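Next up is one chain by itself, shown in structure tokens, the form predicted alone.
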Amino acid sequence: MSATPKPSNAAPRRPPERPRTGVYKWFFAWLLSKLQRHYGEEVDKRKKELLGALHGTVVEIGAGAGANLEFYPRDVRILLVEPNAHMRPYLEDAARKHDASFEIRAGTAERMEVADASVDFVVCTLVLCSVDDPEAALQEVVRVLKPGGRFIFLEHVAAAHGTETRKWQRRLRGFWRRICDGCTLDRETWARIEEAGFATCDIEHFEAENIPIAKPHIAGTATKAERAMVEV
């Protein structure tokens, strides 16, 4: 386990970029369906641990080509929020392969078409690196979770300041975002989760060997408060 990098106070919030559409979205769906099969045993092991005991109603944000469907228990109700329509055939193929079922919900991570306080778990794996507004996405997570519900996450994140990896993440930031559908190499996602207003937050930092520039990862759970605090 690696040491927790210190968050930077100087990183400004970036305005949303022009949405990527058309052929790019089709190509990215195809590419993701190929690459997700080779992400690494380390990540798959952690997904099994995080997702294997879920129950009730689960929302997965950014379901992509269905890489997580094999890890869910068969009795959970799965709601998938995936704005790229070209992912749908790959999701259906994954569902058939793993004998899973799901419902598609419209919207984005920042604006899900899911009722307030209606789900037991929200799952997000390798997604917060790419959303335009991670703070808004995390507030949506808090909104849709039932009191006591849990946010399950696994994300690649920024390396520690001063390391060679962090320097390369900064150098490649713009290029990487363009070719990887907005993926941001040096996003300090752990800090945003800690500041999102969860009652408890358990984050583990680790390294995955699949892509050297994106080795630093986090995984864990954050729990919504059982009830709102009452001011006196």
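What you see is a predicted model, and the numbers here were worked out from it, not measured in a lab. A residue's number is simply how far along the shown sequence it sits, counting from 1.
The following text describes the form predicted in complex with a small molecule, which does not appear among the structures shown.
Undergrad: Might P83 be said to contact the small molecule in the predicted bound form, defining contact as any heavy atom within 4.5 Å?
TA: It does: once the small molecule is placed as it appears in the predicted bound form, P83 has a heavy atom within 4.5 Å of it.
Undergrad: Could you tell me if R192 has a non-hydrogen atom within 4.5 Å of the small molecule in the predicted bound form?
TA: No, R192 stays farther than 4.5 Å from the small molecule in the predicted bound form.
Undergrad: Does A94 reach the small molecule in the predicted bound form if we count a contact as any heavy atom within 4.5 Å?
TA: No, A94 sits far enough from the small molecule in the predicted bound form that none of its heavy atoms falls within 4.5 Å.
Undergrad: Whether E110 contacts the small molecule in the predicted bound form should be assessed with a 4.5 Å heavy atom distance threshold; does it?
TA: Yes.
Undergrad: Only one of 142-150, 123-131, 157-165, 98-106 has heavy atoms within 4.5 Å of the small molecule in the predicted bound form; I'd like to know which.
TA: Result for this chain: 123-131.
Undergrad: Check each of L32, L54, A196, C201 and return the one that places a heavy atom within 4.5 angstroms of the small molecule in the predicted bound form.
TA: Checking each option against the small molecule in the predicted bound form, the one that comes within 4.5 Å is L32.
Undergrad: Note which of M87, L138, L79, V119 lies within 4.5 Å of the small molecule in the predicted bound form, where distance is taken over heavy atoms; exactly one does.
TA: Contact check passes for M87.
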